[in-house]
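First comes one chain, alone, set out as structure tokens in the form predicted alone.
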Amino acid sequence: MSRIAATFARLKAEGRVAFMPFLTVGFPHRESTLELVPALEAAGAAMFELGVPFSDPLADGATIQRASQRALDNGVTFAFCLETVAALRSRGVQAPLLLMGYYNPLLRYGIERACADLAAAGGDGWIIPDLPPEEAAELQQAATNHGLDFIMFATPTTPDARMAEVARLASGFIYCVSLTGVTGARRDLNPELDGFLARVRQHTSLPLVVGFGISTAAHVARVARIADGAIVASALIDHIERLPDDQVVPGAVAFVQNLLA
């Protein structure tokens, strides 16, 4: 059983949702991720989506775009992200660690090499938002060969036939995009979210994790009633961006604790 599957099984037995923060590797400072992840794990985070900074983050809104650019300015590279995963494991982090990034840097690094190095670092899988199922076979196979999960996306506009193909390729969980549009905190969640998730469940027995737009404790509580996991990204990054340097870790911890209260 993968670390991701084991985590979902444990949380289901405990009656809890898998809370997954998104953190851009190297934001706000180059080594910040090494401090933030252990602290947020202790605060209740069950898994982590670690963003690989990229110059053209087409699925991301302004908040994560800024974080990505700041990380690039801090000298963060694809290789550094892999090193960060290894460093987090050496510091005792037990939660699943997934790298979220765009396909170009991974392709340039080398698909087989990237999967081997992520597995060796102690990572758990890939989230690649710009890789369509029609072009995903090579990475999916390499990930499987190295014991990594391969996360695929479903959106409210995904047709049923394509959703079935997504479910066939995916492992770990299905990333259910709660809305049409880019990432970013929202006041309200999609009122049709329940129906969307019900449609996804017709195609898979994998856990369903909801992301995009989740920004409040009420959002997390609602998702917990209808899905297996909740990703908070822009709201957390935006909060961290406003914190003074000496308050980044305690401020992020307090934010996550409030979301889980």
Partner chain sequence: MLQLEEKQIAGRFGPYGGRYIPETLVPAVSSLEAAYAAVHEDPDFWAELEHLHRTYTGRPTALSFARRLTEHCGGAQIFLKREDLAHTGAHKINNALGQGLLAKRMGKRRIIAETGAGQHGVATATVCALLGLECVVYMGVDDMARQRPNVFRMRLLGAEVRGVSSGSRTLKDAINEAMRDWVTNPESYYLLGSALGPHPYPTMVRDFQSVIGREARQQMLDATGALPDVVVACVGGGSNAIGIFHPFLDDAGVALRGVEAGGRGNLLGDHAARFLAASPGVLQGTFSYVLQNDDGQIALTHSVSAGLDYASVGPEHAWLHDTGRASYTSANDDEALDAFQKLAHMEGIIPALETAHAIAEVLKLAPTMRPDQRILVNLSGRGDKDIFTVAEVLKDELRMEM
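Numbering follows the first chain given and starts at 1. Source: prediction; values computed, not measured.
Omitted here: the form predicted together with its partner chain. The next part is about that form.
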At 4.5 angstroms, heavy atoms only, are E31, D117 and G125 all close to its partner chain in the model of the complex? no
So which stretch, 50 to 58, 22 to 30, 194 to 202, 225 to 233, is the one near its partner chain in the model of the complex (non-hydrogen atoms, 4.5 Å)? 50 to 58
Quick one: does L169 come within 4.5 Å of its partner chain in the model of the complex, counting heavy atoms only? yes
Please tell me whether any heavy atom belonging to F153 falls inside 4.5 Å of a heavy atom of its partner chain, as the geometry stands in the model of the complex. yes
Is there a heavy atom of N74 no more than 4.5 Å from a heavy atom of its partner chain in the model of the complex? no
Tell me, yes or no, whether L99 is in contact with its partner chain in the model of the complex, where a contact means a heavy atom of each within 4.5 Å. no
From Q94, N104, S90, N145: within 4.5 Å of its partner chain in the model of the complex by heavy atoms is N104
Residues within stretch 131 to 156 having a non-hydrogen atom within 4.5 Å of its partner chain in the model of the complex: L131, P132, P133, E134, E135, A137, F153, T155
